[in-house]
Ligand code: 5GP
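Below you'll find only one chain, the form predicted on its own, shown as structure tokens.
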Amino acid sequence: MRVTTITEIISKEHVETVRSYIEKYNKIVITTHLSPDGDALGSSLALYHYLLRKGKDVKLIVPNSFPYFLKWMKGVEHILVYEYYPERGGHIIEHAELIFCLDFNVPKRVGDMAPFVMSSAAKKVLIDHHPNPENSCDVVISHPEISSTSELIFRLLYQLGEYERIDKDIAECIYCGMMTDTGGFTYNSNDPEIFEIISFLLRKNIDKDAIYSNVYHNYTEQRFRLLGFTLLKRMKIYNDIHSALIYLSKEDLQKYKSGKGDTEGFVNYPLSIRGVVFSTFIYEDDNYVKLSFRSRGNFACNEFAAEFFQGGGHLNAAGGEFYGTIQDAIALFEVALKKYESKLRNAS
């Protein structure tokens, strides 16, 4: 059965080049960004399963560990985590013939793997939906208007004429990536074709309710205790400019024995408050401070992230980073709020 209602947005030249690469090369590596999320893993695992079914020698290498609530997806047991096995990971990348770079727009987003990826003699294909990609790969498939990289993987397979090869395992991974990168289809998901694609994934016998439960009903007790503390003690509301901030120090995270993924989605909670259109979550990581931004309506949190926190992303979902103390990060954030005050007052 061939999908007939999905617009072919990827250029035919890119599709045919990718087809020729897959046919020509056998040793293939798939990689994605630091702290892989649902879209990063969903898109990567979907492509991994597809290439395995094509008989390829394919390896999936991620820079560091990922949240426990994503470990239900088929194939996660075969993922090589670079931070645990850097020598092996570097060797595999160095000897690859073809590398797929998924869900990141600049090499630095793969962390310590970046020098190996960029220096490898392999052909490189970037597939991503973040704005302003670096032209560092042989093929750059970049569509910031698309909801997720997982959606792009579906579209690529469709344009390759490979819809029939999408089985339940591949479809589950694609759906998980699309679901998580749109907050359960609550933002960046107004394109009707997103739901056309979902209908074709459902024809592969996926259980979308089970996928939702695997991700969103699979949290630890520590996460909920940390969330309660965060909302009670670490939240500031700026009512006059429709904004909110939540923040956590390294000491806070240690006190509640926070694990990988325990703060996933925290940034979304203040958007449930009447009048808040811009929410920011600031927390201390090992060597720097990370920031997550979410907005409703027409406030461009990606512009805010790019101007002040070396970040970027999408209109309603973005991220950034700050090298310094969390107190200094919060101070800079409040300076930035003043600059964006008029836009925030007029946001809707």
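Predicted model, so just to flag it, every value in this text is computed and none were measured. The numbering used is simple: start at 1 and walk along the sequence shown.
Below: the form predicted in complex with guanosine-5'-monophosphate (5GP), not depicted.
Checklist entry - Among H49, G75 and K204, does every residue place a heavy atom within 4.5 Å of guanosine-5'-monophosphate (5GP) in the predicted complex? => result The answer is no; none of H49, G75 and K204 reaches guanosine-5'-monophosphate (5GP).
Checklist entry - With a 4.5 Å heavy atom cut-off, would you call G320 a contact of guanosine-5'-monophosphate (5GP) in the predicted complex? => result Yes.
Checklist entry - Is K123 close to guanosine-5'-monophosphate (5GP) in the predicted complex, meaning a heavy atom pair under 4.5 Å apart or at it? => result Heavy-atom contact with guanosine-5'-monophosphate (5GP) at 4.5 Å: absent for K123.
Next on the checklist: Although the partner isn't part of this model, could you tell me whether G311 comes within 4.5 Å of guanosine-5'-monophosphate (5GP) in the predicted complex, counting any heavy atom of the residue?
Outcome noted: So G311 counts as contacting guanosine-5'-monophosphate (5GP).
Next on the checklist: in the predicted complex, does K59 come within 4.5 Å of guanosine-5'-monophosphate (5GP), counting heavy atoms only?
Outcome noted: No.
Checklist entry - Of the residues R109, R234, R223, R155, which one places a heavy atom within 4.5 Å of guanosine-5'-monophosphate (5GP) in the predicted complex? => result Only one option qualifies, and that one is R109.
Checklist entry - Counting only non-hydrogen atoms, which stretch in 23 to 31, 66 to 74, 49 to 57, 292 to 300 is within 4.5 Å of guanosine-5'-monophosphate (5GP) in the predicted complex? => result Stretch with heavy atoms near the partner: 292 to 300.
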